[in-house]
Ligand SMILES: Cc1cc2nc3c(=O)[nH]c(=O)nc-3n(C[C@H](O)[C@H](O)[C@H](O)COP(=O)(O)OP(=O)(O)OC[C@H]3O[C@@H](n4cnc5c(N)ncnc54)[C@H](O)[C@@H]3O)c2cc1C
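Heads up, the chain below is alone and in the form predicted on its own; it's given as C-alpha cells.
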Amino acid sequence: MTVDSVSVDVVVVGLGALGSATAYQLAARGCSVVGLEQFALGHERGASHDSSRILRHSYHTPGYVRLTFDAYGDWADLEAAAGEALVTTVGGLDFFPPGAAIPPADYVESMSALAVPFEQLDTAQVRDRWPQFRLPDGTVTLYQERAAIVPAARATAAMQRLARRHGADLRDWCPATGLCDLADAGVEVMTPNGAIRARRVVLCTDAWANRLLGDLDATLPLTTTLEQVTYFAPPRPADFVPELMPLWIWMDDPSFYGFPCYGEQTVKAAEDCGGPAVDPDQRSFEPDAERLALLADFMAGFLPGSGAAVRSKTCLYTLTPDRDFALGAVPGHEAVLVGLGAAHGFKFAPTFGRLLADLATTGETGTDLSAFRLDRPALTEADVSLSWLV
C-alpha cells in the first residue's frame, strides 16, 4: 500500500458531531488534522442528523451535572466562534410518574449537590403552568429553567466549517479501513487511497467503533439499536411554541422525550432506547409501525393536543452496558483515543471536542474522566447487566 503524501499530527475518524468538534478544536490549536468520514458529510446513517437535541443540567449523577456546566460554556464558545445562535433556551420538565423506573431522588440530589436551580412540582402545579400536559396523580415533576434545544445537523455543519477554516483536511467518502499502532513511530490509518501516519488517532466512529478497535484487539461491548423520532402536527401549534411549552422527558420504562415547536409547526417526540439491535450497515431506514403506534398512543394521552403523526425518521443509538461515555485512550495503545457518547452525548459535543483535543495534544485534561475510562469494569467484565435508563 502506498503511503499518503502527508503525515499529520492527528487523524480524526468519523465526522459526526463528536468527530467534527474534535477536528475543529485540534485545528484551532494549530495541529495538522485529517478528518475521515466514510459517508457524505451530514449524512443520515448515524446519530448526528435531524433538527434538535436536548441540552440540560438535570442528570442522575453529580459527575454528569458537573460536566453539563462545561457543556453550556463550550456551546457558548462555539456560538461565538461560528457567529450564529445555536442554543435556544426553553426550560425542561422531567416527569417521574408513580413507581417510575428512574428514581427522582437521583436527579434531585445530583442537581442539589451542584447548586443547580430547579423546582419540584406536583401535578396541579404543572397543570396550572402548562395545561398542554396530562399527568397521572402523584407524578413528581422537576423543572429546570435553563434546559435548551441545540440543532443537530446545523451545529455539526458549523463545527465542520470551523475545522476547515482553521486548516483541517476533512475528507468525505473516505473510510478508514484499518489501524496499526506503530508504537514510537505513531499510528497508521489505512484508507482506500493509501495510509496516513499520525502521532495520534481519535476514533469518533460510534456504531462502527469496533471495526477499527478490532485491529488493536481492543473491542468494546457495544449495542447498536435502531431508534426513530416522530413529528406530530398540532391543530393549534400556537399552544406548543417554546414560549409556552418546555421540552420534556418521561422518566419511566418505556421512557419518552419531546420538544416544543422548533423551526416548524410540529412537535417532535420519541421513545428512548426502544428499538431493536441492528448492524449499522444492514439497518432499515423505514419507520417501524408498531413503535410509532406505541408513541402515538402515549402522546394522545400525555399531550392530547399534539395532533397526528406526520413523519418519522430513524437514527442509531450506540450504547455501552452502563450507558456511560467511552472517552479516553485505548488501554495499551495510548496514541489511539476514543470518543463515544452512548446515545446522550450530543449535548456535550463541543466538550468532547475540547477534551479529546486536550488528550491528543498533551495526554491529559483538567476534567475528571475516570468514570469514562475504557478499562472500567462495565467495559471489561463479562456478563455486565445492561442499564440504559438515564
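Residue positions are given as counts along the sequence shown, with the first one as 1. Model, not experiment: these values are computed from the prediction.
Just so you know, the form predicted together with this ligand exists too; it's not on screen, but the next bit is about it.
Enquirer: Using a 4.5 Å heavy atom cut-off, which of 287-295, 129-137, 233-241, 308-316 contacts this ligand in the predicted bound form?
Expert: Careful reading of the contacts points to 308-316.
Enquirer: Would you kindly say which of 261, 142, 174, 102 lies with a heavy atom within 4.5 Å of this ligand in the predicted bound form?
Expert: That would be 174.
Enquirer: This ligand isn't shown here, but in the predicted bound form which of 66, 344, 60, 29 has a heavy atom within 4.5 Å of it?
Expert: Only one listed residue qualifies here, and that residue is 344.
Enquirer: Does residue 229 reach this ligand in the predicted bound form if we count a contact as any heavy atom within 4.5 Å?
Expert: Contact with this ligand, yes.
Enquirer: Answer with yes or no whether residue 13 is in contact with this ligand in the predicted bound form, where contact means some heavy atom within 4.5 Å.
Expert: Yes, contact at 4.5 Å.
Enquirer: Answer with yes or no whether residue 360 is in contact with this ligand in the predicted bound form, where contact means some heavy atom within 4.5 Å.
Expert: Residue 360: no, not in contact with this ligand in the predicted bound form.
Enquirer: Decide whether residue 43 counts as a contact residue for this ligand in the predicted bound form under a heavy atom distance cut-off of 4.5 Å.
Expert: Result yes; residue 43 sits at the interface with this ligand in the predicted bound form.
Enquirer: With the partner left out here, if you bring back this ligand in the predicted bound form, are 327, 354 and 379 all within 4.5 Å of it by some heavy atom?
Expert: Result no, not one residue of the spot touches this ligand.
Enquirer: Using a 4.5 Å cut-off on heavy atoms, what residues in 18-53 are near this ligand in the predicted bound form?
Expert: Read in sequence order, the residues that approach this ligand (within 4.5 Å, in the predicted bound form) are 18, 19, 36, 37, 38, 39, 43, 46, 47, 48, 53.
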